[in-house]
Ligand SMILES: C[S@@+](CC[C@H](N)C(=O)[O-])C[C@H]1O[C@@H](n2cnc3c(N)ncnc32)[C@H](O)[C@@H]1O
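Next comes just one chain, in structure tokens: the form predicted alone.
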């Protein structure tokens, strides 16, 4: 594998790049609004619909268009510059409408082209203002607009704050695809507000087979499993790490990974393995490993794909395991997490159960009712939806019930019997409010 070195090591002639220093790449299109106009947007008027007397964390769920609500939050000094993590799973510019499994309207995804780009840019600019200096943002998209939004996010957050382009396997193979490769992936752009951000590296547990494959050696005397790794790194150095150690120089074009005094300490502890021809390598022990470090290809967080997986049934619902990884990696206990396309409430659910504070926003009444039901009732196996449709059962799964009766049904057994209920939140809507959530609110009020 090729390894780059600094420009100073190049012996030939280099092109003059001085004129490019500090230049930025912008996406130009008609009707692109100046950032100052976005940041001066009038805030939405908000009405309070319900407030739990248990809401010590000030968690908030908003019903309404997120642009006006984000503009309002920019005036809230408890939120502006205080959000440690933003995850959004916005519309994907599919020019489609989405319905729930019971054929109720869930949300529309009709903006495409430059209208979509400006729709997203407007919200990203405001989200940047809400992020803390240690904050991160994850934007989940598919192939339609991911590359357009990469340029927009470079513009809004700065290309230096780009951290990862994550590819997620979203489904099992699609064998019916005839004229191209199967579409089984989507993508997540990960940016930060600055270069000092919350980061708790994610690891996956070792399997026995992989552990034996990665750590194939067993140390005599201790029985500890280990692997051998080089003690040099790419690039020449003129300091201590570039000088001879134990009578040998680093390989050509490389330097020692550690200062020579550190290498002496490792050797004294028996952590340097010397081959028969005198080649030193470092022992790395399996029992000191935290697990398999997660890379930027995620194969293990697919959408629901069998009837035993528990879901809400909301279209485009993302798996709990996906949000668990993101929230654990880029926030800490009591961090404020925001999702302004919150859908079925996966981000809010995972944040709450991991002792994070949260703000959720969605303009779909179906989404808000689904999230409220989730908070009170939890998830149901995907197979229950199929049974409900096939058998026309009298007691249908949540997805097939009348949305106005949905939340009262969440309290069909004593609240003490459910250990995962989420009650610490307040519910708001933009004004004017036309009563779309009234049936759900009745259920909430019955237990306050």
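Numbering follows the first chain given and starts at 1. This structure is a prediction, so every number in the text was calculated from the model and none was measured.
Not pictured, yet referred to below: the form predicted together with the named molecule.
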4.5 Å heavy atom contact, residue 363 to the named molecule in the predicted bound form: yes
Contact label in the predicted bound form: residue 65 to the named molecule, heavy atom within 4.5 Å: yes
Contact of residue 256 with the named molecule in the predicted bound form (heavy atom, 4.5 Å): no
Exercise: residue 154 in contact with the named molecule in the predicted bound form, heavy atom 4.5 Å: no
Interface stretch in the predicted bound form with the named molecule - options 228-236, 180-188, 364-372, 241-249, non-hydrogen atom within 4.5 Å: 364-372
168, 121, 318, 357 - the one with a heavy atom within 4.5 Å of the named molecule in the predicted bound form: 318
In the predicted bound form, the residue from 342, 73, 85, 351 that sits within 4.5 Å of the named molecule by heavy atoms: 342
